[in-house]
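The chain that follows stands alone, in the form predicted alone, written as structure tokens.
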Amino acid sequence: MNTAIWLVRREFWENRAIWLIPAVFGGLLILASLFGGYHVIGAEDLTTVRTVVQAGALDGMVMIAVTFFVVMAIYSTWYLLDCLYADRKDRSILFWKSMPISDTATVISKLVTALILVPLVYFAFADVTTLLMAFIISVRASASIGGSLWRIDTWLQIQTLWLYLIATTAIWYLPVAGWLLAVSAWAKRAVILWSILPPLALALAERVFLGTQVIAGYLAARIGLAGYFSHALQYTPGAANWVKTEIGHDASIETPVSLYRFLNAGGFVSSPETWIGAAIGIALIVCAIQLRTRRTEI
């Protein structure tokens, strides 16, 4: 347990961007809410602005969460590609191999950092940012602090959404993370190109020689958000699931009654694609561990 804690601490010491990026990004959003304009199309007076702010509270909080999540996904991808490669490039791998720490523990610590700890850090910063922005916008729009921006059920929905996304994306994107770790442990240079070219070459070869697109279809479903959304989330159309608020002439806002209705935990867990991908991811992680054992400095 102590070894795992120190390995995680090492990642935070060596990669300050884990918390610096969300801190700076959250600060920019807070400054935007503090000094930026909040003009809303269709809002003709303060009463209408107040209505828009309260009606669109859930949408606004979800947008903040989604924005943080996109930034986190970009950083996590870069981190996975660089974490094992950087050790070999700066030759710190020689020091760590001299320590009584297995390569398995090292690789797993980096995997957990990318898939669990980094999302949790962004989750915390997104929460703080949302709270401060909600307070600032409430004051600027003269909205009641006890209004919909501060409803406990709305807040809990955002927390549930974040934690659900962290858990399900960690499983769904496990093969992607395993592949990036394997490339990071193997490549001597141009890790980004090596992470892209082999899958692309396989997809093109299948298309040219077999006339099929199985690999391309799998990659698109696994890497793109559409594949994840179709398994982990569900769209619930119908008036019973949405609230429509008129805010002016021919203008309205539609907000979901509850975010819980979009979660599809049962479908995600019961999907064969989920666990086939997880099995492939585990195999790639084992491959990354073996490459880490055999590779030394660049």
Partner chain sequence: MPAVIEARDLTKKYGAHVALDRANFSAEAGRIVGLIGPNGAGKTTALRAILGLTDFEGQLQVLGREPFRERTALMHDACFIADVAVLPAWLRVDHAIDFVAGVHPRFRRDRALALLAKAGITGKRRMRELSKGMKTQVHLALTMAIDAKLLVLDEPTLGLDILARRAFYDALVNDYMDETRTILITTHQVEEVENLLTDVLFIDKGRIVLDSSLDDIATRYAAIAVATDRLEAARAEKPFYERPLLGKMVLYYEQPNFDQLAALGEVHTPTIADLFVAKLSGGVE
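This is a predicted model, so every value here is computed, not measured. Positions refer to the first chain, counted from 1.
Keep in mind the form predicted in complex with its partner chain is missing from the figure; the text below concerns it.
Novice: Given that the partner is absent here, state which listed stretch (153-161, 111-119, 95-103, 207-215) has heavy atoms within 4.5 Å of its partner chain in the predicted bound form.
Specialist: In short, 95-103.
Novice: Is the gap between residue 275 and its partner chain in the predicted bound form 4.5 Å or less for some heavy atom pair?
Specialist: Because no heavy atom of residue 275 falls inside 4.5 Å of its partner chain in the predicted bound form, the answer is no.
Novice: Taking its partner chain as it sits in the predicted bound form, is residue 89 in contact with it (heavy atom to heavy atom, 4.5 Å or less)?
Specialist: No, residue 89 sits far enough from its partner chain in the predicted bound form that none of its heavy atoms falls within 4.5 Å.
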